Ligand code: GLC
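Below sits a lone chain in structure tokens, taken as the form predicted on its own.
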């Protein structure tokens, strides 16, 4: 790069001022470093988890009691995952050490690992202990054979249904897509309620749409990207899955048009107020449905996501992981905190008090959990049968492409085949650029 004379003078001025500051503040800088090294306060960054305020305070108080002199400061981010992701990317790209331990979405681990932002935690969870955890989240946290995060709680998509209405018409919970459509059409036709929706799901152009589509694609026997990095968007199974979701709106008429702007909360509220027969959502909804003021209290059933006949329905893997900022200056303390929060005792405590789903499988046989949270225990087969979204450091870019093209299909803006072909070409281009970058770096 060639600098102009004016730029050279400006650069020399900046260097000169910097040198003067270093010389003048050398001693005070040394004192500042000493003060920092002696600081035993850990900053734990996490999002606002519903009903968990007291549980976090209790857990931190226990950790501080077990580690005299150590303090843990919570810094809470908004619940919106896009905002969280942007905050972490901006901070970690700047090599910020302003926080030490943080919670990350299961889909971020490969991206953050590749960027070199996460501390290697392989020594905290040896292979023999990893077997206690659900397989899918552990695999999502491994990059190039090393573990960079520890699964803290697991999530998976489920299908809620109005068991009172199904019983009224002699139906069992749907196992196949055909059964779901048939049951919804029969009940809508006979109930004759304009305010009753047959099947709600997250169709807005955001990450929730990818979670929904991932389950339907799997239910048709397909996948978005395989373990070798091959893109399968133009496979028959993928085309049939997106066409089926589209048909739910325009052909079968069991999903209302407003599903295209629906997220988790809008669909939850519709079901809560008695306006929906079937709902694809996450397990967190159950607590709301069982409250005294719920219009569906005692009328709700839960089952796995349907699939084609002969295929076992699978749920999209969700959940949050404990990670350590690689730029933290307090590695020993951070690992101590992560081990504490990921311990069986803490996972059980949060499950009992908040309703989070533990990532350690043996806890589902714990008598206290069975007694106090039977709903969580019943979810075990679903949680064990999850499918991740594409596990790749490039997932954020891939998701953005999929959101646009899937939304175009469902909104009748673009034909199914054309949109999926476009998505495939774009994603393959992203993957090829990454491979080229690796070759250049070698």
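Here the rigid core means the biggest group of C-alpha atoms that line up within 1.5 Å when the two forms are laid on top of each other. Since we're looking at a predicted model, the values are computed, not measured. Residue numbers count along the first chain shown, from 1.
As for the form predicted together with the named molecule, it is not shown, yet the points below apply to it.
Colleague: Of 323, 217, 279, 107, which one comes within 4.5 Å of the named molecule in the predicted complex, counting heavy atoms only?
Modeller: Among 323, 217, 279, 107, a heavy atom within 4.5 Å of the named molecule in the predicted complex occurs only for 107.
Colleague: Which residue, 81, 294, 176, 185, has a heavy atom that falls within 4.5 Å of the named molecule in the predicted complex?
Modeller: If I apply the 4.5 Å criterion carefully, the residue I get is 81.
Colleague: Okay, which stretch from 188-196, 227-235, 356-364, 312-320 lines the named molecule in the predicted complex, with non-hydrogen atoms inside 4.5 Å?
Modeller: Looking at the partner contacts, the answer comes out as 312-320.
Colleague: Residue 45 near the named molecule in the predicted complex, any heavy atom under 4.5 Å?
Modeller: Taking the distances in the predicted complex, the answer for residue 45 is no, it never comes within 4.5 Å of the named molecule.
Colleague: Find out whether any non-hydrogen atom of residue 211 is located within 4.5 angstroms of the named molecule in the predicted complex, and reply yes or no.
Modeller: Result yes; residue 211 sits at the interface with the named molecule in the predicted complex.
Colleague: Considering only heavy atoms, tell me if residue 327 and the named molecule come within 4.5 Å of each other in the predicted complex.
Modeller: Residue 327 lies outside the contact set for the named molecule.
Colleague: Hey, in the predicted complex, is residue 87 touching the named molecule, heavy atoms inside 4.5 Å?
Modeller: Residue 87 lies outside the contact set for the named molecule.
Colleague: If you look in the predicted complex, which residues in 358-394 sit within 4.5 Å of the named molecule (heavy atoms)?
Modeller: Heavy-atom contacts to the named molecule in the predicted complex: only 389.
Colleague: Is residue 362 one of the residues whose C-alpha moves 2 Å or more between this form and the one not shown after the core fit?
Modeller: False for residue 362: its C-alpha shift is below 2 Å.
Colleague: Answer yes if the Cα of residue 50 shifts by 2 angstroms or more between this form and the one not shown on a rigid-core superposition, and no otherwise.
Modeller: Yes: residue 50 shifts by at least 2 Å between this form and the one not shown.
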